[in-house]
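Next up: just one chain, as structure tokens, the form predicted on its own.
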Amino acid sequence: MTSADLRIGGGTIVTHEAMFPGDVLVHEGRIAAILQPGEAAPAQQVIDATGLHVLPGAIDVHVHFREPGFGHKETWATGTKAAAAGGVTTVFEMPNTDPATATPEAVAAKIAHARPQAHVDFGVYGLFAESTLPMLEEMRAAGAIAFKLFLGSDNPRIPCPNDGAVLDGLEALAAMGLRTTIHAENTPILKWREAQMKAAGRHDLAAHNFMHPDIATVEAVCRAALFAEWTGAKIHIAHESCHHSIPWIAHAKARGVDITAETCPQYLLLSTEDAARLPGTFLRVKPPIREPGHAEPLWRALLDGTIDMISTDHAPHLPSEKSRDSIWDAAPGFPGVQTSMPLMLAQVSAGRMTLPDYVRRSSFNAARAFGLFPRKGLLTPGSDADIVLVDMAKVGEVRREALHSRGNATAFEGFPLKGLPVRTLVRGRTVALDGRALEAAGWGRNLDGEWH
């Protein structure tokens, strides 16, 4: 190599362990070298990162981009633009579309649909259901990066499998070495309590939270961990919102269960008290935003490693779909893939965590858990040049109109920000600049179950 494609110079490199001054040399989409400041090395292009921090791009293993079936809420183009603008360079997309990603053909069709639109790298989940058990290997061969199991579901398109099917499926996926992401709630408890609330004529936010009690989450986490221990499967607990689950996750890890867990900004930064500033049904999400008292233990678990990573459960809806007379008619979830990094950088600025803390939980741990390491999740020679330049002095606030998502009904409207991504590169190509996505449709690459 006589001359690299790109040099990012003058910045402070941030890893999952440390920060240090250095330059990043990029060639043919990968990091060619980490240089001392001013160290001689020719490059065709130079990006001046003076005063900026140079981070690995975030990996969000939990997004809903809605296509096929619900393109009015989000498309692969708008969703991956939002990711790029928010410093997210890899996303894993969930299977509860219409049709669900529940056959090898559906997996292949979703990937084919995403490829010409994607601005960032992506993986596609296959659905773990009773009907898909005979096709798990074929779905992997078609391109599934991992599988999603809904232990808590009131959606007829994605019914909760019986425990026998769960056990068989985990045995099969253990043999394949793929991780199963689990929505850990107890479906019979959810359905029983929902029926009680509807029979009583209740349609408020408190009725929704009654439907999703803490015990429904704790029981499902424990059951999932026990089944993983029995089968040797790798599991990942999605969107953990309940502090009562934390000791059980820690206990499973101590026993040697291959279990990881995520939480989301909405569970770290919101509580039921936020309902007062939002329309009555707006705060609906599954699992729910819980009462005050859960966020602080979740923060502690995130920082001590019991919870491994930050995801978003990016679930975009139109504002009209979030504000309804009845909680049962309100769409559950919020967009998050563009706001997660800015919200967490604001917590770094506030002293809640350090930048290396953030890198470990936004990128490094996800890459290791889902078989992307060492190509993703760190800045080192040979890794993909998925890089975010961050200005920790830059301030702003969350504004719905600045979001790229079609479904831009954010619960964080007006939240103050300090520390913002100002440039995002995916495999060496700039895909976002100063909070706006550049046109890079088709640059995103599919990461399938054979990739690692």
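Keep in mind that this is a model prediction, so the values were computed, not measured. In this text, residue numbers run from 1 along the sequence as written.
Beyond the structure shown, there is the form predicted together with a small molecule, which is absent from this document and is the topic of what follows.
The listed set 240, 74, 308, 313 contains one residue whose heavy atoms approach the small molecule in the model of the complex to within 4.5 Å, identified as 313.
Note on the partner interface in the model of the complex: the residue among 233, 252, 285, 220 having a heavy atom within 4.5 angstroms of the small molecule is 285. Segments offered: 24-32, 419-427, 60-68, 47-55. Contacting the small molecule in the model of the complex at heavy atom distances within 4.5 Å is 60-68.
Not displayed here, the small molecule is approached by residue 183 to within 4.5 Å at the level of heavy atoms in the model of the complex. The small molecule in the model of the complex comes within 4.5 Å of a heavy atom belonging to residue 317.
Heavy atoms of residue 209 never reach within 4.5 Å of the small molecule in the model of the complex, leaving it off the interface. Although the partner is absent here, residue 103 lies well away from the small molecule in the model of the complex, with no heavy atom inside 4.5 Å.
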